[in-house]
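First comes one chain, alone, set out as structure tokens in the form predicted alone.
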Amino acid sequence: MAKNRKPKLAVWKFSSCDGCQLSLLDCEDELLAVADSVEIAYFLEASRAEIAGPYDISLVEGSITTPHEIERIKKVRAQSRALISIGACATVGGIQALKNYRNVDDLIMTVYAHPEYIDTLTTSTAIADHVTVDFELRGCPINKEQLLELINATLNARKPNVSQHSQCIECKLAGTVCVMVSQGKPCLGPITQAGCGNVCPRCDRGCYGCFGPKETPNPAALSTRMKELGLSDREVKHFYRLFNTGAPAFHDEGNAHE
């Protein structure tokens, strides 16, 4: 890296809703500090300016759902020193991975007036299924503080301090009463990675698993408890088939209740 040259940051969009890119824009004052530390070379959500690579950091939002995206992500990887996938779409295929359980041709014929114009893959898959990824940041959407920490760590060549523990610990640290214990509500908190800021449980609702499985989850034990609370196999299956349905732990446990 040339002396006094700012590292180049690029933000790329694949199949997604743009929510994770908006999380970066939502950093507001913190984003000014990021902009002062890096050269934002490519970020179409924020600017039409495009600066050619190679890039020191590439943040990639979205899953791979078309043949064109397979070729495009390979080109992004080739010009990126560090490639970081951000959000559930990029890390496990996102909610659009629900199509992985169905006949895609049938869906296309049902939804689109002119299916002949649709060019899609039969699956929605993670960025890491196609290229080497240096770090995966979970969430639907991602946590902006975790994103800032990740950018800082990458720029300073250190390991990012991103929590790997469960949502349950986040609830306890916040003083939130467990909705599953106190009210018998189903909740994915025991097997979901923390990061959302305890949003649903503090609003008296069970966790929906927006940040995907934590380290060494035990979904089978949680499913047993959900059935004790009165959920049918179909209801348990649908609990796992949400934003992170493509995560192996959630995918396998959902299939176990097919």
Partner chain sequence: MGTETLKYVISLSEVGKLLGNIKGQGFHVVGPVLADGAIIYDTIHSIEDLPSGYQDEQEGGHYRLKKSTGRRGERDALFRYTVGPSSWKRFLFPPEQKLWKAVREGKSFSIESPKEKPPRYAFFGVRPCEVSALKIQDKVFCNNDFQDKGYAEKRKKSLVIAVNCTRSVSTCFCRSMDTGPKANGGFDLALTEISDGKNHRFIVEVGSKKGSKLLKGIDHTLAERHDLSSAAARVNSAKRAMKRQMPKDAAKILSKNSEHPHWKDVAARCLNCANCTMVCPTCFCSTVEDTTSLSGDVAERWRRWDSCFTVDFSYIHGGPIRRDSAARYRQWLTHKLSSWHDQFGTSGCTGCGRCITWCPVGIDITEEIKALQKGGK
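Residue numbers count along the first chain shown, from 1. Keep in mind that what you see is a predicted model, and the values were worked out from it rather than measured.
From this point on, the text means the form predicted together with its partner chain, which you will not see here.
- Task: Using heavy atoms only and a 4.5 Å cut-off, decide whether all three of 69, 81 and 110 touch its partner chain in the predicted complex.
- Result: No, the whole trio is out of contact, none within 4.5 Å by any heavy atom.
- Item | Candidate stretches 151-159, 84-92, 102-110, 118-126, one within 4.5 Å of its partner chain in the predicted complex by heavy atom | Partner-contacting stretch among the options: 151-159.
- Task: Considering only heavy atoms, tell me if residue 178 and its partner chain come within 4.5 Å of each other in the predicted complex.
- Result: Yes, contact at 4.5 Å.
- Message: So, residue 183 and its partner chain: in the predicted complex, are they within 4.5 Å at any heavy atom pair?
- Response: Output for residue 183 is yes: heavy atoms within 4.5 Å of its partner chain.
- Item | 4.5 Å heavy atom contact, residue 168 to its partner chain in the predicted complex | Output for residue 168 is yes: heavy atoms within 4.5 Å of its partner chain.
- Message: Using a 4.5 angstroms cut-off on non-hydrogen atoms, would residue 221 count as touching its partner chain in the predicted complex?
- Response: Close contact exists here: in the predicted complex, residue 221 approaches its partner chain to within 4.5 Å, heavy atoms only.
- Task: May I ask you to list the residues of 194-230 that have any heavy atom within 4.5 angstroms of its partner chain in the predicted complex, in sequence order?
- Result: Residues within 4.5 Å: 214, 215, 216, 218, 221, 222, 225.
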